[in-house]
Ligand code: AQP
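We begin with a single chain expressed as structure tokens, specifically the form predicted on its own.
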Amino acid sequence: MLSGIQPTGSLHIGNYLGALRNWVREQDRYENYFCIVDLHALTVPQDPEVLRAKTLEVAALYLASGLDPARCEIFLQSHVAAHTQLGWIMECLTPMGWLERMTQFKARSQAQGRERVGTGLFTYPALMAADILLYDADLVPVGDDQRQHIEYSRDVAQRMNSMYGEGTVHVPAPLIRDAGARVMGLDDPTVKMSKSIGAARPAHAIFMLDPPDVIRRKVSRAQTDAEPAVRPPVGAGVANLLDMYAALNDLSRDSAVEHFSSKPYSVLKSETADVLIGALEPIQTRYAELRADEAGLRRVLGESASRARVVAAATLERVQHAVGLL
């Protein structure tokens, strides 16, 4: 299994519930490769110092959340050169029409104009396919909004196998979970919680490094609805709080609704803030320890990248030979 997160913005509770917590729980179920996709971050302009700091921040949060480098690989995408080498081959095999249909490219180019959008945003699905195919990934855990990119990765893998022989690359499948996988914005529960929106509107998201008083303030201001208490059918804002409460307590939403039935929203918000703080405080404590030892953090990333290079090199060599490179 392979997955990764861009080191842009700040990781939020949606990243934790939808990705990190599941990765930690499944460390012994799969052979796992968790990269920090810093090359993908370059599809939009970045402040170099901020990007370096955020990269270390995400790495520390991976470890603080419970990922164990003895049981999975945790590395930077840019530290394994095979990603870009295979990415170029994927680009050469990809018709432009496939990339023009990608939702993210269409949305960004319509908003900013095609003349202003970087080429990397257009071609980055090819690099994402390379990320996946390098490790012969069976499964790629993603949100439903990334399903299109995994389908592209499958298409280009099948195209390569049809051109150069079955088994040239392994065809992956998406792993899309339902429980806790879609946390919505506190200020607008009709949109998925987002790092980029949170950067502009801090009240939008609960960030993993938010202190307890900030978490309580944000939850207390979260959008609910016009009803005075929790009663089904609940509105989107109430459902979002219930889902966070349920996910952090490993309950179903129905169980959460029953627990809060007829209670005022102040009780729902107070208890939801309690479980958020309880879940994040030990992560924040461990994060502070990891960031205080930057040399140790970099060592973990370097050792893991060394092991990942061996696996990636074998796939790259197989593909290079298949396409005719010496």
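From 1 onward, residues are counted along the sequence shown. Note that this is a predicted model, so its numbers are computed, not measured.
The same protein also has a form predicted together with the named molecule, omitted here; what follows describes it.
Proximity to the named molecule in the model of the complex holds for none of N161, H170 and R318, with the criterion being a heavy atom within 4.5 Å. Put simply, of S78, Q112, Q146, Q85 only one has a heavy atom within 4.5 Å of the named molecule in the model of the complex, and it is Q146. Screening V142, A256, L127, M102 for any heavy atom within 4.5 Å of the named molecule in the model of the complex leaves a single hit, V142. Residues of just one listed stretch (231-239, 94-102, 216-224, 194-202) have heavy atoms within 4.5 Å of the named molecule in the model of the complex: 194-202.
Among residues of the shown chain, I5 is one whose heavy atoms approach the named molecule to within 4.5 Å in the model of the complex. In the model of the complex, the named molecule lies farther than 4.5 Å from every heavy atom of L248. Shown alone here, V183 lies within 4.5 Å of the named molecule in the model of the complex, counting heavy atoms only. Contact between S304 and the named molecule in the model of the complex is not found at the 4.5 Å heavy atom cutoff. Annotation for 13-48: interface residues with the named molecule in the model of the complex are G14, N15, G18, A19 [heavy atom within 4.5 Å].
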